[in-house]
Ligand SMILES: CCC(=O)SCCNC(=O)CCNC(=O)[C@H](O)C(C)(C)COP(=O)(O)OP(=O)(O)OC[C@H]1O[C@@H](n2cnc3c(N)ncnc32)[C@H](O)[C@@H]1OP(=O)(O)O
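Below you'll find only one chain, the form predicted alone, shown as structure tokens.
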């Protein structure tokens, strides 16, 4: 039986913190993954605080079976010792069918639950997976005496997960967002690519064959255009997240050296509505911070439109282009994001502050 709305926002365990009614819009341009069992990586964590929006201690796929307990304890040690300041602290637990996930949750919540912002759950198939984690977290939070709920983030890595995307988003008030997991999703769909994210040169459309003297020249040289394997999934993810007030993210881009293609893929996701992407290497933090931050030019234009539109009704012409109430709504999204980022990024604050509050409007 479906729970009533009032029950949906009641704690799932006596003494657990009340569920949130709205997920905070905290900047998370880059979710930087690190292995907490790797001493070299762990040692860099304190210096990365403030340079990246999210630091995520990874316990799942990239950690070998024999290192699972070491990585879990390493995450506890890092959580206890680190003041994360403006940086969010996340973890990716092991999959729900693994022999390690229960120990992940029963160890992390009591030990560092007060530090953890979000728990990322891999290979989510449907709402039942979120319900299981939701109830268990409530029990552990109550036992640990936590005063705020730990949020949950699901990774789309299976065809079933994509098919159930709306019910996953709606499964719990804890839901913070979704990430695209392209490698596992490709395998589950039987897609014929071995790449981790990004495009594929074989996935393309080709220019029509030209006609010469009324005859079609099929052997003529024609331009081809590489397409995006992930466009459908990302667009569906963005819609589902927007509907439920949570946040969509592009996942990993595996070719660390191809920074140009990485930036292109991140920008496509940003333009479609994603708020951030995963970082597998520090160079990708720089790319994500750049791409998922509105440019000064875009923020300047957005403020011009808002100023010109006044109360937001009617329509005006600015530089030969019509702007109306829909334009204002788009521009308000851009300005709100700029203000959120300026609050945590001193360099962006300086850039955005250089834009006059009342920007000049040239109407035509």
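Residue numbers count along the first chain shown, from 1. Everything quoted here is computed from the prediction, not taken from an experiment.
The same protein also has a form predicted in complex with this ligand, omitted here; what follows describes it.
Checking 116, 246, 280, 237 for any heavy atom within 4.5 Å of this ligand in the model of the complex turns up a single hit: 280. The listed set 65, 315, 333, 62 contains one residue whose heavy atoms approach this ligand in the model of the complex to within 4.5 Å, identified as 62. Annotation: in the model of the complex, residues 32, 183 and 196 each come within 4.5 Å of this ligand through at least one heavy atom. Taking non-hydrogen atoms only, residue 252 approaches this ligand to within 4.5 angstroms in the model of the complex. For residue 174, no non-hydrogen atom is located within 4.5 Å of this ligand in the model of the complex, even though that partner is not displayed. Although the partner is absent from this view, residue 58 contacts this ligand in the model of the complex, with a non-hydrogen atom inside 4.5 angstroms. In the model of the complex, residue 72 stays away from this ligand, with no heavy atom inside 4.5 Å. The stretch among 295-303, 335-343, 44-52, 321-329 whose residues place heavy atoms within 4.5 Å of this ligand in the model of the complex is 44-52. In this stretch, 72-104, the one residue having a heavy atom within 4.5 Å of this ligand in the model of the complex is 92; the partner itself is omitted from this view.
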